[in-house]
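There is one chain below, alone, in structure tokens, taken in the form predicted alone.
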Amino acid sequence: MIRRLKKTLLTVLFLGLLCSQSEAKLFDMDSFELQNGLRVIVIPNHKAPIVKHMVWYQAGAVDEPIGKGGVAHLLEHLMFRGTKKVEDGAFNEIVIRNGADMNAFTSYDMTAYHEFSDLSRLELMMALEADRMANLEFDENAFKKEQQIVFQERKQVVENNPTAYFSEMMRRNLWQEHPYSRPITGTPEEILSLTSDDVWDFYHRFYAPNNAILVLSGDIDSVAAKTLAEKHYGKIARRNNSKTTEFPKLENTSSTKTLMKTKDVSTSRFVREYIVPSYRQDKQVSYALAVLSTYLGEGETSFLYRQLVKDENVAVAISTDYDFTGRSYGTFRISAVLAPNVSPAEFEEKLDEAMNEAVRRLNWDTLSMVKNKMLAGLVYLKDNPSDAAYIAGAWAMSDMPLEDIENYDENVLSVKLADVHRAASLLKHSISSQGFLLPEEE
């Protein structure tokens, strides 16, 4: 009787949460589009006079011509050189002098530039970013200097880092001929073979208002945002020479294994990756995979952590992650650090047993708790302008409509137990790759 009562109370609480969440929006944001095609997303947060300003371009490593690997990343570096209005190397100095932070990153599917500033400096940040969207300038000396910086960065971050080098090996084995197999930095040979013309071609092809999304998150409303966006970005002409990148369709269900030994690591590491649908490919499956990832390995209360770290002591850390934002496929990853004296074969066996047991034990009550955990993680997003801008921008770049972004919690709550079981079954029939990075015996 007590057990039945507890289950009834849990059901009532869950349904109450479902109703309350359905009335609220994740960000309560607004969106509009300028005549030149620039999409603008505004996320108001008036708790402090600060604003996160982000420009996202649908341009990344997958858009590079064959043999021109690293051009997207090299362009990211050169974007900080200067324009007709801003002297070479002065961009960073201006931003810092005005008390703002700035940075940028290049991924496979997109490149983003962002500044975090006081509200009074927002227009300056916007003017600087709009200026380099249309008027980038650099000479051959600046190009050679940044090319060497990128080359040395590649050596330091990848060539001299066994974990990063191992990740690249894993990616090549998993993706084979797909553009996702290429390193974002490009290979050392590709970096040194790039020319300034390669960079200019990429810039003129992809850096255009109609291939970008502007996200403003913080102490600003839509009226003020539209006035400023029109003033600084509205005058930039759209470009119609950007071609859509085509991706191959992967149909086989191959599985590869990688083993790498080196004296430069002291602990054994494990990675298993699956090629799965992205949000663009299958919206409903993406929500189920997100729930599955949370259940299996996100946090110390997750099933795999409790089973393999706390109970069986075959790992000292384990986590899962699902990236659904790809313009092509998505990726589901399991990462672990093995406990001392645990062999790769023993760990693999224990992991497979735990995965099967996790799916077998998943029931409605557990699923409800997993969903609530996911929703709890969303609560603080709106209060952090930087996180809100990043999440909203990345999801919008993955073709997620604003309605789905705002109602992400509802879409999570709508995932059924059978959906998660199907998602788990999907992993077993997906292209996968796994590998061990092991310390080499003296």
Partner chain sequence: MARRIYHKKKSSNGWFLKAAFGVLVCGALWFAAKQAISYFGFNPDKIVEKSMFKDSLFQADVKEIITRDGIKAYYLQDKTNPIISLSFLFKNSGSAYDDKGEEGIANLVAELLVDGAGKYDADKFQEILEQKAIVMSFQANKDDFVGGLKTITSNKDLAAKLLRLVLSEPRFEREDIERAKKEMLTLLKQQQEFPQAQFSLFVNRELFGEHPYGRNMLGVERDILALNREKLKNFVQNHFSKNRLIVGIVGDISEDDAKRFIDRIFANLPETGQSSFVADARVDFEAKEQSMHFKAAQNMAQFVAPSVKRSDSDFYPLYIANEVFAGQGLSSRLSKAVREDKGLTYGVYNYLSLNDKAVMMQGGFSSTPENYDEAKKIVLKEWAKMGKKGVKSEEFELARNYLLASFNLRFASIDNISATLVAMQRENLGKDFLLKRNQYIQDVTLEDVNQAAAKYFIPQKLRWFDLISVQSK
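Numbering follows the first chain given and starts at 1. Note that the structure is predicted; figures quoted are calculated from it, not measured.
Form predicted together with its partner chain: not shown, discussed below.
Highlighted residues N92, R121 and Y305: every one comes within 4.5 Å of its partner chain in the predicted bound form, counting any heavy atom. In plain terms, the part of the chain that comes close to its partner chain in the predicted bound form, with a heavy atom within 4.5 Å, is 94-102 out of 167-175, 197-205, 94-102, 283-291. Contact with its partner chain in the predicted bound form, judged by any heavy atom within 4.5 Å, is made by just one of N36, N45, S398, Q58: N45.
Note on contacts: among S254, S193, N313, T258, the single residue with a heavy atom within 4.5 Å of its partner chain in the predicted bound form is N313. In the predicted bound form, its partner chain sits beyond 4.5 Å of every heavy atom of P183. Among residues of the shown chain, A237 is not one whose heavy atoms approach its partner chain to within 4.5 Å in the predicted bound form.
In the predicted bound form, at least one heavy atom of K382 sits within 4.5 Å of its partner chain. Proximity of A134 to its partner chain in the predicted bound form: non-hydrogen atoms within 4.5 Å are absent; the residue sits far from the partner.
Applying a 4.5 Å heavy atom cutoff to its partner chain in the predicted bound form picks out K263, D264, V265, S266, T267, R269 from 259-273, in order along the sequence.
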